[in-house]
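Alright, two takes on the same chain below, each alone as structure tokens: structure 1 and structure 2.
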Structure 1
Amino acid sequence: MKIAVCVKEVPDPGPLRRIDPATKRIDRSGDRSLNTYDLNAIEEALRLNEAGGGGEVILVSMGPERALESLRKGLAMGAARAVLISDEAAAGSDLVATSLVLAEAIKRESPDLVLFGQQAGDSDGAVLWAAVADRLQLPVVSQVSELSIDGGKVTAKRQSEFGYDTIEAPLPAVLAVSDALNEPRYPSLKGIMGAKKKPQDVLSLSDLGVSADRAGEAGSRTAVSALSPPPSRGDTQKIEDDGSAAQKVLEYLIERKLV
């Protein structure tokens, strides 16, 4: 199968992540890596093809050109090639603009399956696949914790608030996989050595036929207007249990009308 996996380079998680007060965008100047959740999508794509008679796994991403470095991790895991849409005019794209650009890039590949990880580690977004599927006019299933492909259709287990649904859809389809689905492999030394030589296409918006006013800030419909520190919780009241802690907790809850 030809499987497109949409991936994203994100700033390394940790205390140093910040929003640049001038641009109000996430500061991406520090260390970066492939979004962890995307590794589950790459892993699943590789496994599907290993089990099902081969095919091609293509990484599709949007970001600055240096993001190729992060994409190489996916290539080292076993993806065949990477397509990166990199264009100054695409910087600052919101969901409307990003979904348009990715959908156009995916259309060029006509894959049998499009996979996403369950969320973006930087923006905590968990909506992109639905927007891309709508633009591609393909069925979508999210929060997939188990999947199988047989006879041109996918059967997926979706984790929802109420338990597990089983959903079936014909291919081509768009799936967002949960990180409970698999354990991503570590790239082998051979994989790492070979990754640099795999095809890595860098495309501009005009390569995709997307006009610059439909991407980046011009093509976006949301904006960040201000940043502030979160409200403090106030002081912590601490007690050590000397046998009376339960009573003290009860009194605390009664005082706050929580019982």
Structure 2
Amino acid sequence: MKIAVCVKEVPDPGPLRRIDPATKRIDRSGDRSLNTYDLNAIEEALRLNEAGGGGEVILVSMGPERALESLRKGLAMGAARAVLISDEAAAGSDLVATSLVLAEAIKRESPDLVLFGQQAGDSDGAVLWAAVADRLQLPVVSQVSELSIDGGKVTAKRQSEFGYDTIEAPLPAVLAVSDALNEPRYPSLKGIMGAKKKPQDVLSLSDLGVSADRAGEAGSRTAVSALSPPPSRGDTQKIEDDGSAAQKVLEYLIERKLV
């Protein structure tokens, strides 16, 4: 089975995320890594092919050429090759433009299954997979916590606010998997050493037949008009728990006639 896994390089998680005031985008100048949620998608793709007796797992991403460094973690885990769309004209792409570029890259590969992590750690949008599926005109299932493939269909157990839904869809299909699906493996030393030797294709927009005015800021349908610090929450009172914290909280609420 040929499985395409869409992955993203994101800034390393931390307490603060800086927005570049000039571009009004996330500052990506610091340390970066492969999106944590995407590791579950890579792991599941590898498991599906191992259970099925073989196949190919392809990483598909869009970003600057340096993103190959992060993609190599997925190659070290066991993915066969990586495809990175890197083009200056694609910088600043929003959901609309990004979904177009990724969809064209996926069409080029014609996979049997497309996997996404549930969301990206830098934006937490959790909608790109739906936009890509719409462009590909393929069935889509999100929040997948269990899945199996039998013949030409996939059966997915989907988390919802009311419990679980079991959904069947014909292949090819697009699935967004949750981090409850599996525990990603650690790359072996052999895998790490061999990752740099695996095929890593860097494509431009023209390689995909996408014109420059359909990607980047020119092809985006949304724009950030202004940025400002979050509003002040007013006066705050910090209570240290020395054994009397509950009583202090109660007194605070009584004083303000909240209980």
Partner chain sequence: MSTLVFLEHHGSGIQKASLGVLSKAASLDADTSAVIIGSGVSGLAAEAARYGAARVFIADDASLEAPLPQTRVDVIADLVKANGFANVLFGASVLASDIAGALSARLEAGLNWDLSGLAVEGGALVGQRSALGDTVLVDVAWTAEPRLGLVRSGSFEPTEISGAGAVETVSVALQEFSSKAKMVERAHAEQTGPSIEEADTLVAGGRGVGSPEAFSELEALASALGGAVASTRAVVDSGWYPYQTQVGQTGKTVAPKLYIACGISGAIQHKVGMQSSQVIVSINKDPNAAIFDFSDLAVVGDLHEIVPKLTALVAERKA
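What you see is a predicted model; the values in this text were computed from it and never measured. Numbers given to residues start at 1 and step along the sequence of structure 1. For the two forms, the rigid core is made up of the largest set of C-alpha atoms that agree within 1.5 Å on superposition.
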(message) Looking for the form predicted in complex with its partner chain among these two structures; is it 1 or 2?
(response) 1
(request) Fit the two forms on their core, then tell me the C-alpha shift of residue 236 between structures 1 and 2 in angstrom. (result) 3.8
(request) Give me the C-alpha shift of residue 246 between structures 1 and 2, core superposed, in Å. (result) 6.9
